[in-house]
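Here we start with a single chain on its own, the form predicted on its own, put down as structure tokens.
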Amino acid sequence: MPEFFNVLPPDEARRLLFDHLTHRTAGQTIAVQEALGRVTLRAVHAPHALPAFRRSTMDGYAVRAADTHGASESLPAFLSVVGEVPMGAPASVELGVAEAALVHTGGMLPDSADAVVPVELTQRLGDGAGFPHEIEVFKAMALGQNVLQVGEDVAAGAQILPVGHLLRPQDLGGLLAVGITTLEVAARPRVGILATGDEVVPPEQAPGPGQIRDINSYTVAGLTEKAGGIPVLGGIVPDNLHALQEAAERMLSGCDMLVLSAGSSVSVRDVTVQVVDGLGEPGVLLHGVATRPGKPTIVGVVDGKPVVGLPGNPVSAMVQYDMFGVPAVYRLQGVMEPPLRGIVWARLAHNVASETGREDYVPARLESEGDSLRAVPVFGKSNLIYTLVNADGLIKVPLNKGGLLAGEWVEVRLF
């Protein structure tokens, strides 16, 4: 039986993959309203300043700051309110010495005003309606106080989003605020997924003796969609070199990435390494990662496209695809650093055994414990999918730490 070769720690293995991954998806133009979770193909610049005019940040009175100098509750400044600035209309009111204009939050300031007095710092004199009327101002305003200046949010021509940016809800708002309604983004990468094994049957089929349902294709597909990719399910291929080679070539030719589930363990019948090497250059980069579960993972690149061979056990497959496949899906779209995943720290409920030189991931359930969290390991073999179903995340055992002790703080990577 052949030995594992090129076994690397996860970080080094990812760097090796990324050094060879040169393929990128094409671009497409879509409506900004539909761009959530997509990736910018190039940097975006503001076509004009925001705000485009000076705006009040609150309800009050537009004033000349100099006319309020020295104002206090015991010695207020007296100003004459000569008009109002309607919302959504130009500020046509002009202020002279000791004059003010009524303004509302977001309203435009007159050219002659340079500050806004909040309405709660004033008092109207007399009962008459209309303009002009007098107010007392009980606090001095500084130049520009309670005013948004032109370009204070973003200057005209400034870069508002970099290339390779994963679009969030606030980004869509920012684009629409400056009138950008369409955007060029990276096309969603197509990820071909092949399940292998004579014992594997479709989920809708009742398995016979010695058979199991294909679940890895669907957990991989789910992770792919969350990362912005399009899963392309290629079905189940028997343990046959020719059949698998033909299916892999067909899938990779029409996809940006290929995932082979099972066939990565060191076994006489497993032919995934041969298949990947037969697809093109450089082929297999490594067979074996210093992790548990999923040590026999295969990482390769063919003509710049990533190819990942996953172990057949569902826990191993999901953990390893999260470590290598998900970052690759982002990289194909131009995202060099995937978004930060949720990580919490919790007190460990039970000891966790490990070995130095290996990075372990242990499914865990999180429980509230006063103001903190308690991580309860969900122990089980890597072919038991419900260790993941019953878990909230994975406890990370660092590479060179020989286990974790109950009571210590541990890092939990949330699903």
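Just count from 1 along the sequence shown to find any residue number. Note that the structure is predicted; figures quoted are calculated from it, not measured.
The form predicted together with another copy of the chain is left out here; the points below concern that form.
- Taking the partner from the other structure, another copy of the chain in the predicted bound form has no heavy atom within 4.5 Å of any heavy atom of Ile230.
- The closest non-hydrogen atom of Gly130 lies beyond 4.5 Å of another copy of the chain in the predicted bound form.
- For Thr291, no non-hydrogen atom is located within 4.5 Å of another copy of the chain in the predicted bound form, even though that partner is not displayed.
- When another copy of the chain is considered in the predicted bound form, Thr356 lies well away from it, no heavy atom lying within 4.5 Å.
- Although another copy of the chain is omitted here, in the predicted bound form none of Ala43, Ala247 and Asp303 has a heavy atom within 4.5 Å of it.
- Checked against another copy of the chain in the predicted bound form, the residues Val39, Val378, Leu50, Val352 give one hit for a heavy atom within 4.5 Å, which is Leu50.
- A heavy atom within 4.5 Å of another copy of the chain in the predicted bound form is found for one listed residue only; from Leu102, Leu285, Cys255, Leu175, this is Leu175.
- Stretch 202-210 is the answer when you ask which of 292-300, 94-102, 134-142, 202-210 has residues with heavy atoms within 4.5 Å of another copy of the chain in the predicted bound form.
- Residues are counted as partner-facing when one of their heavy atoms sits within 4.5 Å of another copy of the chain in the predicted bound form; in 140-155 these are Val147, Leu148, Glu152, Asp153, Val154, in sequence order.
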